[in-house]
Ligand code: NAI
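Quick heads-up: it's one chain on its own, the form predicted on its own, in structure tokens.
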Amino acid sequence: MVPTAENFDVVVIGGGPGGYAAALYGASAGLSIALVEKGTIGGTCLNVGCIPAKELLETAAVRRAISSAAEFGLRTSEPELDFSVTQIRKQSVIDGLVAGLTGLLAKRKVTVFDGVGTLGAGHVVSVSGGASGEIELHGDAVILASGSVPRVIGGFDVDGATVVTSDELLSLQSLPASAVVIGGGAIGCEFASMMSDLGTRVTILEALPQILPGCDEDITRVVLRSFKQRGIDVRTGVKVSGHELQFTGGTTVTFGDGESVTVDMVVVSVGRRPLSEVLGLSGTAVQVADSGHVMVDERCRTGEPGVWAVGDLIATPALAHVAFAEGMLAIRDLLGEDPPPIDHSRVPWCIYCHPEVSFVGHSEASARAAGFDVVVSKHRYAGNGRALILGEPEGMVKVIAERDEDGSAGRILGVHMVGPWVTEQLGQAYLAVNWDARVDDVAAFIQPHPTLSELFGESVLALTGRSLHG
């Protein structure tokens, strides 16, 4: 231990979801915590990710609601978008949450240091480059949570105007008339959906055979149909090869077998990479994979005793709520509580494009690939009273269950949803899958009516061999 270093039970490097969750949870357990963050507390999720993206998607939802108001007997004029006002509202939401989080850290007596934290031998964390100055800290334990940054691709240098990543897109003061979104994953589809609903002509270019990898194919088809109806051009199985700026403005993107499209803006949305190169790690046994991910075991322990890594820094689902869980897991582990590892194959996924998507556990294809004999139930929102009242009948709930030896449906392996507010309906499906609930167990529970969530109950009930409305 360096004599001048200030000592803490835990030093956390990174103030995003994984880092601040570890800090808050550890402080509530009575530990003395130091949190090192260069910039604003909250990380990608709060500042340039989950929160601002969903706020802009909510603007798109409001516009859709106004545009369909005549169906409810309300006469309105065509809505006019002032995107700068949307940005002001977005920033006010972020500022409020950052202030609340900062206050909560202070209330829990977490000591926050502004700067870049690097880990050296002996659990010494050097802080530099920020308002806190040059400081050395020592932690009995250290948690690495430096997060991630957007991935970029060759031939598409980010200039903040013609070529942007999520960081720049979420702060635009106006939207382009046309755009190419490179990448059809969750983030790409959210951006494409938002921009299209707010008046941008959008083309999605995805190198894989389908958009939204990990989603059940039935669910993806519903999204594709909706995108097509709204004029979003989705091209899958194509790779981009470059772009050429036009004298008249915009740029021409080339892709596939010599195809091209001219647009005002290119949004590079090909995922994020771990920000591990800033961590130092000299003199430690922490190992970093070629991908940049810090290598950990099932309890987020690195190769260096007393050092854990969580969140986007490790090769687990890059989701804020997974980072929360990993931060808490690390604290429980360092406290010696022998916590069960996180089953990352059964974490909840939510995608906030229109229509929304959520899922947990196996898709039908992945269940079959894993060797399960399955029984499947699908029910559509077109027959759900609440969905019809909302004017949102598009979508379905799909339940995948294991077939028992007698041919009946048994354990629920996965639930995939697409439709209105399915991101808020996944809770009971998540519990069913993670508690290894059987179809008969879940079917016995009463679903409130009329609700969107009762469609899950109907889908499970049908797997018992008897159904009600379906």
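No experiment lies behind these values; they were computed from the predicted model shown. Don't overthink the numbering: it's just position in the shown sequence, from 1.
Although it is not shown, the form predicted in complex with this ligand is what the next lines describe.
Chemist: Please check if Leu208 has a heavy atom lying within 4.5 Å of any heavy atom of this ligand in the predicted complex.
Modeler: Answer yes; at least one heavy atom of Leu208 falls within 4.5 Å of this ligand in the predicted complex.
Chemist: Heavy atom to heavy atom, is Glu356 within 4.5 Å of this ligand in the predicted complex?
Modeler: No, Glu356 is distant from the partner.
Chemist: Can you work out whether Ser269 and this ligand are in contact in the predicted complex, taking contact to mean some heavy atom pair no more than 4.5 Å apart?
Modeler: Taking the distances in the predicted complex, the answer for Ser269 is yes, it comes within 4.5 Å of this ligand.
Chemist: Would Gly188 count as touching this ligand in the predicted complex under a 4.5 Å heavy atom rule?
Modeler: Looking in the predicted complex, residue contacts with this ligand include Gly188, since a heavy atom lies within 4.5 Å.
Chemist: Verify the flagged residues Ile182, Ala318 and Ile351 against this ligand in the predicted complex: is each one within 4.5 Å by a non-hydrogen atom?
Modeler: Yes, each of Ile182, Ala318 and Ile351 comes within 4.5 Å of this ligand in the predicted complex.
Chemist: Arg403, Lys38, Arg63, Lys54: which sits within 4.5 Å of this ligand in the predicted complex by any heavy atom?
Modeler: Checking each option against this ligand in the predicted complex, the one that comes within 4.5 Å is Lys54.
Chemist: Identify, from the list Leu390, Met295, Leu275, Ile153, the residue with a heavy atom within 4.5 Å of this ligand in the predicted complex.
Modeler: It is Ile153.
Chemist: Of these, 342-350, 220-228, 128-136, 106-114, which stretch puts a heavy atom within 4.5 angstroms of this ligand in the predicted complex?
Modeler: Of the options given, it is 342-350.
Chemist: From first to last in sequence, which residues of 55-72 have any non-hydrogen atom within 4.5 angstroms of this ligand in the predicted complex?
Modeler: Heavy-atom contacts within 4.5 Å come from no residue here.
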